[in-house]
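In structure tokens, one chain follows: the form predicted alone.
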């Protein structure tokens, strides 16, 4: 059965590949699994039909053969366990890759998301300048630690895995802040990840949704 995922009908990231369905699209492309996409509006995300799939009224969701999942990390883990290519076969290496999945979403992402939300919703406030300094310090602390661990390696632990996929998707949220550029090995890590054909296909698919949502020129 071809799985179906949900995505924004009009993504607030304006086609930059930052919405969390991008992670799932990327994983599906990496394992070569065809999929369908059901686009939902912000209003539809809060309706009972969607809340039955995602109790917090967000995206993405994943439906396949009677199974319904929410949370991008859980969906990527399902795909990685169901298909070859995103988790090592060796049991110890496999668990290390899964550890990096959790690290990306639970340790590295929270401070990055908090910084993004402050920039979006608080930058007109008089206390924003001092707050962003504090938030940048928190982000850099995590990137310092991540950079030391990555070192000169191409990926976090051996070959490319779901851990690298999720970590790259998290770091991409720093966008044009320039923070990642201060860490040459992390910038190179991101460049390798986003050069992968599976990433490019997923990005193009998400970007096409944004472009289709725009009014015709002229």
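Numbering follows the first chain given and starts at 1. If you're wondering where the values come from, they're calculated on a predicted model, not measured in any experiment.
This next part talks about the form predicted together with a small molecule, which is not shown.
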Can you tell me whether residue 59 touches the small molecule? I mean in the predicted complex, with a 4.5 angstroms heavy atom cut-off.
yes
So in the predicted complex, does residue 81 come within 4.5 Å of the small molecule, heavy atom to heavy atom?
no
Can residue 173 be called a contact residue for the small molecule in the predicted complex at 4.5 Å between heavy atoms?
yes
Would residue 45 sit within 4.5 Å of the small molecule in the predicted complex, counting heavy atoms only?
yes
Which of 68-76, 137-145, 124-132, 86-94 lines the interface with the small molecule in the predicted complex (heavy atom within 4.5 Å):
68-76
